[in-house]
Every structure is written in structure tokens, then in C-alpha cells.
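The form predicted alone is given below as one chain in C-alpha cells.
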Amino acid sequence: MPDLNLLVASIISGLLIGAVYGIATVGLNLIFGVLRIVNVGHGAFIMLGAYLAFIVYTSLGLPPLLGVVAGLAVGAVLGLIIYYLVIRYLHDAPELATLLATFAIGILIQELVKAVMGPDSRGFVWNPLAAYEFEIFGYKPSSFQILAALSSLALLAFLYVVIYRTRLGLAIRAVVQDREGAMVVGIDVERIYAASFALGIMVTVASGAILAAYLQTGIHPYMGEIYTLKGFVIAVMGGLGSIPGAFIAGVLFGLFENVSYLLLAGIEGVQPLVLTRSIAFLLLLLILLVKPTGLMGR
């Protein structure tokens, strides 16, 4: 049985990183929910956001969380470019074509970043409110962890306002419910698809900046691969196409990942990191057996 203080620390840190996982998956679910396209290159956009946070802090001397703003801007432009160059031609294409296209886009982004930034891992140290950290059962959550989780909630609130409180969001929801009906009432479906794809990429790139501010290490061109895997697990767990489901599942995944790692670390001869990922898939399987559409899927 693990020490109570360690268990509390795992729960708190799991909830904090889970919020980051959740917002990092929301963009994936948004794109699927509107365009029915699975973005296999999802992790490359997260990696791009992490590099933006690194550049904002190390080159400009600004807080890395301002990389979220840069991520929104870069993600919007990149999303529109990719949509009009590639995605718009794949609406009625076989699923394999969209998978290959997004996979190729992800590889292209990885290699371009590698050519510009190099293959080495990067990192930084940023803890702006270290003097104000508090203690919970012996655990002191770092200020950058709390700020990253709060930034995830703020980004989720931004997306909520866009989807549920703007004319654009109303048009997006209309297209999701009935594409032909939306066209009949004068909605430019092509433009809504472009805006939805750009919005999904915006949130994904911005989430990469939040992730970098939380972890601050291991920033390299291929770091996104593991987050693509986690993103798909979280997306299916929460319900494909469900934005709230993706965020809630992300929080649960982070909590489960941290606590299971702590429990497995106490077993001699066990590799907790490897087993934790395996158990994550087992958890996904159990959830799908009970609710095949995911936690909040319909």
C-alpha cells in the first residue's frame, strides 16, 4: 500500500496533467465531430505548440504560456492552409485516404521542425510563483503546473464561447446536425468546414504550448507521437466528436495514469511506465464494453 502522502500527490498531479491531456484532445474531437476526419498527425501539432512556448520563453524572454496565444495564431493560419490545400479534396474520399493524408502532414511538420530546430531535446526552467506554493498532505504542486491546468480550463472556456455563443458556432452545430439542411438555409458549408478545421488545429497547437509549460522538458520533433496515442485513447474514451467528453476523459486518464504508475512502482520486477500504458487500453476496453459510444458519445 503506497504512502498516503504519495497517493495524494499522485491524485493532485494526475488531475492537473489530466486537464492538459483533456484540452490537447479537444481539437482532435472537434475535427472529427464536424468533418468526420481522424487527424492521425495530431501529435505533430502538439509538438509545434511546445516549440512555440520554448521560443517565446527562451528567445523572447516572455512567459511560455504566452505561447498559447502564438499557438492560436499559428494554428489558425496553418489549419486554413492545410484545409484548402489538402482536406477540402477529401470530403468524400475513403477513410484510408484521410488517414494517409493527415499522417503525411504530421510527418512533414516533424521533419520541417527537425530541419529548423535540430533533433536534440530542449527544455527550460520556469516557476514564476515558487514563493507562493502551498502544501497539501506534504505535496507542493508547482505554480507552473497549476497555471497550465488553469490555462487549459481557460482555453476550454474560449472554445465553449465560440461553439455555443457565436454565429459561427451556431453554423458549425447546424452543419453537424444536418449538412443538407444547413445548405438549404444559406450556410456556406465549405467555409464552415474550413473554420472548424482551423479551430481544431488552433486548439491543438495552443495545447502544445500548455503541455510544454507543464513538463518543460523533452521538447523534440518526435515528442508528439506518444500524445497521438494518448489522444486517441482519450477521444474514444470520452466519445468521438464530444468536446466535453474529451476533456473529462482527459482528466480521468491523467488521474488513472498517475495513480496506476504509483501502485505499479511498488511491485518488484515490474516496469510501471510500460504497464501503465497497457492498463490504459484495458480501461478503455472496459468503458467501451459498458458504453460503446464512450462516456459522453451519442
Partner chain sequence: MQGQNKTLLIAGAAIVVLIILAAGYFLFAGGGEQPATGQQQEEQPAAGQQQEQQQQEQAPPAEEKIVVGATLSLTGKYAKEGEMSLLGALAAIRWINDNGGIKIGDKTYMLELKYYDDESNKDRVKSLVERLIKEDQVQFLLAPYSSGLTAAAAPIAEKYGAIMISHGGASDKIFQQGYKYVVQVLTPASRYFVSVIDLVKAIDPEAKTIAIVYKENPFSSVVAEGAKKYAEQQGFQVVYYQSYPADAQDLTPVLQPLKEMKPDIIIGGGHFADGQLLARQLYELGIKPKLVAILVAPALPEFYETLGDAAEGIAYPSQWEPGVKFSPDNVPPGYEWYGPTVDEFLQYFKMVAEERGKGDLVPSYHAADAAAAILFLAKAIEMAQSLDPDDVRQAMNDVAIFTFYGKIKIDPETGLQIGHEMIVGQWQNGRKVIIWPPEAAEAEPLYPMPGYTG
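Computed from a predicted structure; not experimentally measured. Positions refer to the first chain, counted from 1.
What comes next is about the form predicted together with its partner chain, which does not appear here.
Shown here without its partner, the chain carries 42, 63 and 70, none of which come within 4.5 Å of its partner chain in the predicted bound form through any heavy atom. Segments offered: 156 to 164, 140 to 148, 198 to 206, 173 to 181. Contacting its partner chain in the predicted bound form at heavy atom distances within 4.5 Å is 140 to 148.
Within 4.5 Å of any heavy atom of its partner chain in the predicted bound form lies no heavy atom of residue 185. The closest heavy atom approach of residue 191 to its partner chain in the predicted bound form falls outside 4.5 Å.
Proximity of residue 123 to its partner chain in the predicted bound form: non-hydrogen atoms within 4.5 Å are present. With a 4.5 Å cutoff on heavy atoms, residue 256 does not count as touching its partner chain in the predicted bound form; it lies far away.
Within 4.5 angstroms of its partner chain in the predicted bound form, the stretch 192 to 225 places a non-hydrogen atom from each of 214, 215, 216, 217, 218, 220, 222, taken in sequence order.
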